[in-house]
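A single chain, nothing else alongside it, follows as structure tokens in the form predicted alone.
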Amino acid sequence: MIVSFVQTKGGTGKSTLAVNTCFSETMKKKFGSIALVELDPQGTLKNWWQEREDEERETGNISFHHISSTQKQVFQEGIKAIAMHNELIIMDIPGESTGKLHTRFACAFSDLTIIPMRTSTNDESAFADNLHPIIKEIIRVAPNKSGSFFVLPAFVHPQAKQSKIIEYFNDILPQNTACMDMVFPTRSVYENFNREGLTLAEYGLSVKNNKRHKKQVDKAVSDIEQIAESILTILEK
């Protein structure tokens, strides 16, 4: 099973979602072995994982893989090899303004492609101009891929009515892309949780004596668990 977080523009929360969904209790209980895969040549998650190893943090049933090559055959063979030893692969795909090689690969090979998108004209234009044409072409060639592309409303105000946000996206999205039944709320904790290789839940334990801050972190952890549960619901259909 392969799940990818894809968006051609940066700053939409792909890496945060990939890491914390991967380490969510929901996914760890469901799958015996999970691979977190980064295809970004810049290696943001690679550096995070190195910090995690340096701090000797427990990884449990999760492994990390960084494929920096821009050659299609190299990362295609790499993913196939990783898939042989893991029940679930979660991929973090870089933002790509040109070429979009990794984006095309992820959309074509993933069982589920999740597209974090804000309710902004910039995000909507990036989707319409760069990502939707790729989705249309993939479905044209492989009609069975229809139903595997979902937008996740991202950086939604915590007090916003989720049903209204989801309804908004359902109204504007093309027929071959749906909206998840969950949103990714904006939380200040996402700005600094990952220092020293921490996951969101681990960061929560590190601030447990600060009741106010811990409460905010717990809300963010709950968000991630709900997103993970929504992903499982889609995969099991």
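The first residue of the shown sequence is 1; numbering continues from there. Computed from a predicted structure; not experimentally measured.
Omitted here: the form predicted in complex with a small molecule. The next part is about that form.
In the model of the complex, residue 197 stays away from the small molecule, with no heavy atom inside 4.5 Å. Looking at residue 186, you'd find a heavy atom of it within 4.5 angstroms of the small molecule in the model of the complex. Residue 15 belongs to the set of residues with a heavy atom inside 4.5 Å of the small molecule in the model of the complex.
Among heavy atoms of residue 31, none comes within 4.5 Å of the small molecule in the model of the complex. In summary, the region of this chain contacting the small molecule in the model of the complex, judged by heavy atoms within 4.5 Å and restricted to 207-215, 59-67, 166-174, 39-47, corresponds to 39-47.
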